[in-house]
Each structure stands twice: as C-alpha cells, then as structure tokens.
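This document starts with one chain, in the form predicted on its own, laid out as structure tokens.
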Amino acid sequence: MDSFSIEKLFSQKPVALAPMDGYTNIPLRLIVKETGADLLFTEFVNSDAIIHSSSKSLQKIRILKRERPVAIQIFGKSPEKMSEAAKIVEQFDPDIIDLNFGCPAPKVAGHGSGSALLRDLPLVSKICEAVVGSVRTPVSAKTRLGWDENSVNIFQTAKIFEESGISFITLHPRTRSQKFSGRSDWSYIQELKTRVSVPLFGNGDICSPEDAVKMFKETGCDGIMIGREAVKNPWIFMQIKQLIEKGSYSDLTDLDIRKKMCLRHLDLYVEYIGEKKGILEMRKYYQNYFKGINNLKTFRQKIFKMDELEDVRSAINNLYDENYKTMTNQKGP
C-alpha cells in the first residue's frame, strides 16, 4: 500500500465518514469503506480515558489495515493530557489524529471539551500546539462556528489552527447552541475556504448525493464529511461518486440488496464486537436498512426478541414485502 499523505488524500475531492460516538466502529467503517468512503474516522475518545488505558476507549481506536486511511479523534480540555493522549494514540498508527472542537453533546461540551473550548481560543491554541508538537502524525481539527450566535469566531479559530500546524480543518457551520437544529450555513464554508491555506472539509446537512455535489460547487471545499446520513444510507458514498462521474446514481431500493448489506453488517458486528453484543447493537440499524416496507414494525418487534445469531439471520433472509420496490433505479438530473 502506498504511504499516506494529506496531499494525496485531497487530490481527488475526498468524501469522509464523520466521527460519531456509538456508530463509527469497525463494522460501520468497513461497510462504508466498501461503498466508497475515502477517509474514515473512529468514534471520538476522551483523552483521560486513553491515558488511563480504558479498555472500552482503546477498543474504539483499534484500526484494521484494510480500512485505511483512518483518523482517530480525541477530545479533552487539558493541553498536557491531550498531548499525552495523542502520543498514546500514535502507537495505534492512525493516518491522522483529529482534535474535537465541535461536539455539542453534554457529556463532552458540558465538561468543558469539544465545542465548549470555542469560548476560550487561547486554550484552543495551547491544545493544538501541544498535540502537533508531540506527534509525527498529521493533526487535523473539527470545529463549529462558535458557542452561540453572539460569539461566532470561526475565522479566528481557523487562524489559530493554521498557525499551530493543523494539517486540515473540518467545519460544521452551526454553533454549539444550535446543536443539530435549523440549517447549517454553508456560506461560512465558502468564506473560510477563501481565508485558509490548508485543505477544508465541509460538513453538515448532506442528506443526499445531490447535497454533496451542491456543497462542492457552492463552497469550493476540498472534501466533504458525512455523519448521520451515512448511518441511514451506507451506500451514499458510492452514490455521490456515481453522480459526480456519471451524472446519475443507483437508487438502491431492491430489498434483496438491502438484506445482503444488512447481513454483511451483522456478520461484521459478530466478528469484531462479539455475537451477543453484536446482535444487540445491530438493532439500531434495522429501521434504516428496511425503511419503507409495510411490515417493518412487526419485523422489528420479532427480531428484537431474538438472541441467537441464526434466528436473526433467518428473520432477515425471510423478510418480504410484495409492495416494496424490487428494481434498482437510476436517479440523476
């Protein structure tokens, strides 16, 4: 495999899987890698947990060769601890170490990390400098516009990133106070692109292949990052590339195709997470894989009671809805 480089990554407008707690584990990362994602992010991990060798956190940053390139995202509020955690993370050989300055969740921002740091830009600077100076791995940063509408400071934050040696930036153009409400303001991505010299990922409200193409065109960003929609539609990476290259994309409404992918996801869970836990965690995906079938509620009620792998596989294999589409159509302009 060729050695990784930031320049090579951004040479062809990459589409990345965003870091999501409870979702971007090995099974989902492998699924979207197979459907065309160019860069994968692990679940984000607490610097304190890494330093104290939390088995749960260390499991989150386990990387397989076949999913590269992969970024490990860490969060925390102490420059010293973030630096120490980055050194530990580097031993897992990630292609990128990403710093979380954007998470609005109470368990992160509520404890002074993630987007809460946007209220203290000198501390952001200290964290970036401490991490960049302590590792050889490229360091990136994911952020938001600011804490709230009265403290939008993205351009100051981005300047700090550049001066600290951050290799690329990801912007989700909402404030922390907005969380995921309303619409993300892509005009900030467009403006930031004109102000920074490092590559820029755009993130936020990419809900379809058309949205992805629109973000590229409207903002001029160097890459895009997809989070929640990748959980709903793991084929979106393939569809985006088809739309860019061919002007249309596969509308994967064939139930057999969805059943096959769902079974693949289940098997990966069992392989890398374990059968019992894999069966339990897989339950959160059935709504997305089989959305639109008439008997979905009955199917979920039935499969949620199962704890044997072969029973679960059989239930998926036997899922049928005569009213569900059985042809793979093409969408495009």
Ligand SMILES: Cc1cc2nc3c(=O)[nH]c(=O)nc-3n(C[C@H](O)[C@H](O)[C@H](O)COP(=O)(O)O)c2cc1C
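Just count from 1 along the sequence shown to find any residue number. Remember, predicted model here, so these are calculated numbers, not experimental data.
Below, we refer to the form predicted together with the named molecule, which is not included among the displayed structures.
Trainee: So in the predicted complex, is the named molecule close enough to Lys142 to count as touching (4.5 Å, heavy atoms)?
Mentor: Contact check for Lys142: yes, within 4.5 Å of the named molecule in the predicted complex.
Trainee: Although the partner isn't part of this model, could you tell me whether Gly227 comes within 4.5 Å of the named molecule in the predicted complex, counting any heavy atom of the residue?
Mentor: Yes, Gly227 is a contact residue.
Trainee: Flag Gly204 as yes or no: does it have a non-hydrogen atom within 4.5 angstroms of any non-hydrogen atom of the named molecule in the predicted complex?
Mentor: Contact with the named molecule, yes.
Trainee: Should Glu43 be counted as a contact of the named molecule in the predicted complex, where contact means heavy atoms within 4.5 Å?
Mentor: Yes, Glu43 is a contact residue.
Trainee: If you check Leu319, Val15, Ala18, Val312 against the named molecule in the predicted complex, which one has a heavy atom within 4.5 Å?
Mentor: Only one option qualifies, and that one is Ala18.
Trainee: Just one of Thr175, Gln239, Asn100, Thr157 has a heavy atom within 4.5 Å of the named molecule in the predicted complex. Which one?
Mentor: After the contact test, the surviving option is Asn100.
Trainee: Heavy atoms within 4.5 Å of the named molecule in the predicted complex: which stretch among 124 to 132, 146 to 154, 82 to 90, 196 to 204?
Mentor: Flagged stretch: 196 to 204.
Trainee: Would you give me the residues of 62 to 94 that have any heavy atom within 4.5 Å of the named molecule in the predicted complex, in order from first to last?
Mentor: Contacting residue: only Gln73.
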